[in-house]
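Before any questions on binding or motion, here is one chain by itself as structure tokens, the form predicted alone.
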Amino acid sequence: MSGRGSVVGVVRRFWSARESGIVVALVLLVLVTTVDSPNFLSPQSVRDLLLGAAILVVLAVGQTVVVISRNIDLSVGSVLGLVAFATGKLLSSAPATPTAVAVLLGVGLGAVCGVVNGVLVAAARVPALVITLGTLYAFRGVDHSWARGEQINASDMPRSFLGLGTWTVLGVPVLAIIALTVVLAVGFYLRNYRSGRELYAIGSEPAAARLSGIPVGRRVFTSFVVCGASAGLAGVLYAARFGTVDATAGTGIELQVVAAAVVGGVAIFGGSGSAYGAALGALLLTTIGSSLAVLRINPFWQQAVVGGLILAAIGLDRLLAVRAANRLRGRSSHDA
């Protein structure tokens, strides 16, 4: 009985988790595609899928930290592009630079961009949507001004660095391992550190968070720095993955990043969600793109499906919020 009860408990916890729906949708999508094309789950196809999702996962996880605090960062695509070009420029002019140093410099440059966003949002208390829309164009402008139409090719960069985009460990791409490490690190931080848990409080009710003594400005600032650093890491990985880099790298990816986080159960209104859900959302969106190509479906439907998933996720968040409010109202009236 105890074993049966524990199994039932595990099942209940799974279905009550916000990420359960994404897992089910992902499994069903893979099954349908595999029935039509058995090679979809071949080792090479799985590796390609993981490679395609890795950069989006890193960006979505960083975005999650910001969205949980009831903010948004639309500049991540421009930060990725700026860091990717900076990394390519560094390694083409100084090919002896160790890969670890290139990664650290890229993360550092991304964090500096995050500092700019964080200062403007937290200190000036200007809506993040407006600020990051402005820095999206500002960072992209810096990138274009620096590049001046120049394109850096794979032949200009050392093979040791480009290996990041092709190496595998036990058949798993190194990029996917790096992305998983980021997911686990951010997930652990949000769940186990006080400052991480305070982001949820800020996203749920900023005014109440201030009254309870939470340093809202400092926490919001930190979330933007983390998001910028993750975009910087994604920029380095982009350079290693594709080899060819110019000033257009990462253009438009910010919308995919927000979509991955929202589809992954991160409430766009703040206060709920997880790094794990955002990673699953990124994997689901990547899988949708691959599946539609295998099933020979018009790429237009990929955008339609993603749009539908975003609307469904926002609707579900709103439904859960209303149910929670009604439950609390019912308890308070019962206690009275």
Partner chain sequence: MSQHQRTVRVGLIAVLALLVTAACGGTTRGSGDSPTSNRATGSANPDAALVEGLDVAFLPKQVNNPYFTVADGGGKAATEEFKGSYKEVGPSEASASSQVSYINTLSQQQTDVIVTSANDPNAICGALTSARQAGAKVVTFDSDTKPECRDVFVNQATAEGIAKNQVELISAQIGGAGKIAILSATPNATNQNAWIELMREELRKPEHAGIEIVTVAYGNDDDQKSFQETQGLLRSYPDLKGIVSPTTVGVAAAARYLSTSEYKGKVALTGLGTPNQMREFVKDGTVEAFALWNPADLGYLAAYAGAALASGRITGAAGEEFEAGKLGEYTIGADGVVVLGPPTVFDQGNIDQFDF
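Residue numbers count along the first chain shown, from 1. Keep in mind that this is a model prediction, so the values were computed, not measured.
As for the form predicted in complex with its partner chain, it is not shown, yet the points below apply to it.
Of the heavy atoms in A154, some are within 4.5 Å of its partner chain in the model of the complex. In the model of the complex, no heavy atom of T34 sits within 4.5 Å of its partner chain.
Residue contact with its partner chain in the model of the complex: Y276 places no heavy atom within 4.5 Å of it. Put simply, K89 is far from its partner chain in the model of the complex: not one heavy atom of it is within 4.5 Å. Of the candidate stretches 105 to 113, 232 to 240, 178 to 186, 76 to 84, only 232 to 240 has residues with heavy atoms within 4.5 Å of its partner chain in the model of the complex.
In the model of the complex, its partner chain lies within 4.5 angstroms of at least one heavy atom of each of the following residues of 277 to 295: T286, G289, S290, A293, V294, in sequence order.
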